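Below sits a lone chain in structure tokens, taken as the form predicted alone.
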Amino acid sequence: MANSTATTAQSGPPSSVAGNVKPALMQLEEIELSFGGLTALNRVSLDIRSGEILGIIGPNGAGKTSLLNVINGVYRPQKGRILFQGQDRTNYRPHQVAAQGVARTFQNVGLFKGMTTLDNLLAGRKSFIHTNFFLQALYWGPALKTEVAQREKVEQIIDFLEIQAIRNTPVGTLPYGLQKRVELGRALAAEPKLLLLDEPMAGMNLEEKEDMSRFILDANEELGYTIALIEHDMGVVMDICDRIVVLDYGSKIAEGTPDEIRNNPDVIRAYLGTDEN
């Protein structure tokens, strides 16, 4: 087995080669989270760098979703600090985190099932609507202009995700793979600075995974979104991620490029399996 150069939890962030490492958009420092006597996250530190796709992997129960819940304010860590664009926002609530520019999808689709695809995407534009209730009710002046602007943005997302045929379909009637695509669209509608994807390909067949991988890569490369994702399909993670962080029992055990992670013996033992005793 080749020796790994992937960074371990004890040694902190990977050393950088001058000019090759992008600046950190978000920094997590020594995050600790527990529920009663159960430790969900144990002194986890990591950076999410501007413009990258960061993969977060690990066995079931490793703390991956808990980490995303800390990032977007659902959980507050007992110890540690979260910096976003250099500002401490450790104690922000979810709506404050969203207002800063962090959007996410969930393991279980969280769409408004009785609403159409178009209306679900418009819901993602809520933070861009600033007209008062009276003008919205009259649908006149600034309210009309705002509505037109939001619809134009949503139309761009519909074209980007190739979901024109289901624009007026109630999402609750759609196949699961299309629901996941609509949920990605709603997150993109928020124009986030950081996009968090929690198992975006769970429950999909091979063709649906290929499509979703393409959309995620295009969102990163063409639209410029910074993305952190949890995914169990190791082939997908290795193909689309710039860097990977590995959790096990709430601790970070490795961090590095896909090649570094693929050859890291700690990762092989904890996640991929090994025949070694």
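Quick caveat: nothing in here was measured; it's all calculated off a predicted structure. Residue numbers run from 1 along the displayed sequence.
The next section is about a form of this same protein that is not shown, the form predicted in complex with a small molecule.
- This chain is displayed without the small molecule, yet in the model of the complex the stretch 60-68 from 233-241, 60-68, 209-217, 23-31 comes within 4.5 Å of it by heavy atoms.
- Residue contact with the small molecule in the model of the complex: Tyr75 places a heavy atom within 4.5 Å of it.
- The closest non-hydrogen atom of Glu199 lies within 4.5 Å of the small molecule in the model of the complex.
- Although the partner is absent from this view, Gln107 contacts the small molecule in the model of the complex, with a non-hydrogen atom inside 4.5 angstroms.
- Looking at Ala40, you'd find a heavy atom of it within 4.5 angstroms of the small molecule in the model of the complex.
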